[in-house]
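The chain below stands alone and is given as structure tokens, in the form predicted alone.
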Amino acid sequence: MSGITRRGFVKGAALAPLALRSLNAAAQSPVPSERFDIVVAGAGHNSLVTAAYLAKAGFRCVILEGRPTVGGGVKSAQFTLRGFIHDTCSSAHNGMQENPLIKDKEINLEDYGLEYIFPDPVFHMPFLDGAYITQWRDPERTRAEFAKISKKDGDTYWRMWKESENIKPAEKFWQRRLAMSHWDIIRDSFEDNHSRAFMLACPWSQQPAQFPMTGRIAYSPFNQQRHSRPLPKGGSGKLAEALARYIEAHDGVIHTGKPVSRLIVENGKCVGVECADGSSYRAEKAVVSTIHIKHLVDMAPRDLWGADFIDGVNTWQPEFQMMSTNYAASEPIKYPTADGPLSPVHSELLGSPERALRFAYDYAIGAVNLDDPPVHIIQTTVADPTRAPEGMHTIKVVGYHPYDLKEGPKHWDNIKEEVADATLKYIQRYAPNLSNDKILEREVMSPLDIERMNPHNWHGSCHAGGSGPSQSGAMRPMPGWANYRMPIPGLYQTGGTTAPGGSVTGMPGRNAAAVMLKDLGTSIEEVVSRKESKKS
């Protein structure tokens, strides 16, 4: 890419994690002598949530993480230049705000360094004809944004906002809407294509909008209307760090650089794990995994899983995959508006609602389609200037492209820079201020690179897999095994492959903790009722 200047900044290692806290060093002995009640395989945010509740209950946990830092998709790194903090995967934690862990302070992570920022505006979508829609934290103000384009659409937004306050799947009204497609609801409810485009991509759902049973997604903009798209101050990884501090303060042990390679099964029960370096860790009570099910089944003999579980793994499907480009820039994107330039944290480019309907075909044939490419743009430094040197900014551009190209996934190594260049030129049509001389450095990650960075991002799926009817609710990860207990006794599963699925909600983690605590003779209600003071 031409026009990049260094301006005295030092380029960071592409995947170097931030040295923001020092976790316990990995044990060197091949057979650690410490005894643990719970062994946790993988340190994604969900397994850390599970471990935090178990630690609060008094069970001693050891967490084994293959990568240098904890967090899975919830962490931050210096991808580009030193001092520029980029989120490696997730940025918005709006789903986390509904989790009782945060909402009711069942575990008060504020005492362990977690602070959320709630950006306003929440979301912005510009169009090449000069129109735009901005979602503000004030729903009345957002209604007015739609009304500028269509009074009817402003009234529709307000009606759906009110409907979203009381979704009851058992009611006939919701039975019909939840069974409809996302597109059917938006097409029939809104009259203007600008409004329709906004409602299809705010936020992007990772599912084809025209598929049946996606109707709930039509109401997803209202979740972020309530909570904004909260950012942990200092980086997405601050959530994982706070959970890790809590676990360590409650007698837990965290070992990084310890990829789990095998489950230890004795007398038909999972009693521990073995790591790639030959060390092993045994659990007195239980083992909980956040390893992707596509990899987990290879860690124990196939006959122990059962044919139905293996079939569920074999038929598991990814969601719409993505590529991301992280930029270090001397200024943020500035969209023209009637009130002057606007620099939102989150914005989306979707030229027309019809463009959203072409995703399903592009993914089905393995095509990279750069015709009006829809992109999600995230500028966390607009709301959190601690993430870059003074006056500087980070910009993350998320594009939607298939992992399985017609030429094979490895073809991404040949074309990713070209795709990133074309996407940047498209963005510059909407935001001319982002000229090449404003870009100091960039790091391009294809869907294949995203999988390489974190094995849980199977086939570039940052949400662990699709969330259509075949992989939702009681079907996640597969029928008969949606209760967080695995076919091998003593083994539990959490993370994005379990209900309710991916994204940063922490609910798979809390749900798994509730099941485990019940099996261990207590309950999550009893555990969270205990009063405790901060430990250091």
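Here the structure is a predicted model, which means the values were calculated and not measured. Quick note: we count residues from 1 along the sequence shown, nothing fancier.
Although not depicted, the form predicted in complex with a small molecule is the subject of the following passage.
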Report summary line: In this chain shown alone, the residue from H182, R196, H456, H393 with a heavy atom within 4.5 Å of the small molecule in the model of the complex is H456
Query raised in the report: Of these, P139, G366, P373, P259, which has a heavy atom no more than 4.5 Å from the small molecule in the model of the complex?
Result: P259
**Report entry** in the model of the complex, M299 touching the small molecule (heavy atom, 4.5 Å)
**Finding:** yes
Requested in this report: Look up in the model of the complex whether R67 has a non-hydrogen atom within 4.5 angstroms of the small molecule, and give yes or no.
Outcome: yes
Query raised in the report: Quick one: does P318 come within 4.5 Å of the small molecule in the model of the complex, counting heavy atoms only?
Result: no
Query raised in the report: If you check in the model of the complex, is I291 within 4.5 Å of the small molecule, heavy atoms only?
Result: yes
Query raised in the report: All three of S91, S324 and I450 touching the small molecule in the model of the complex at 4.5 Å, heavy atom to heavy atom?
Result: yes
**Report entry** Option from 73-81, 127-135, 356-364, 421-429 whose residues, in the model of the complex, bring a heavy atom within 4.5 Å of the small molecule
**Finding:** 73-81
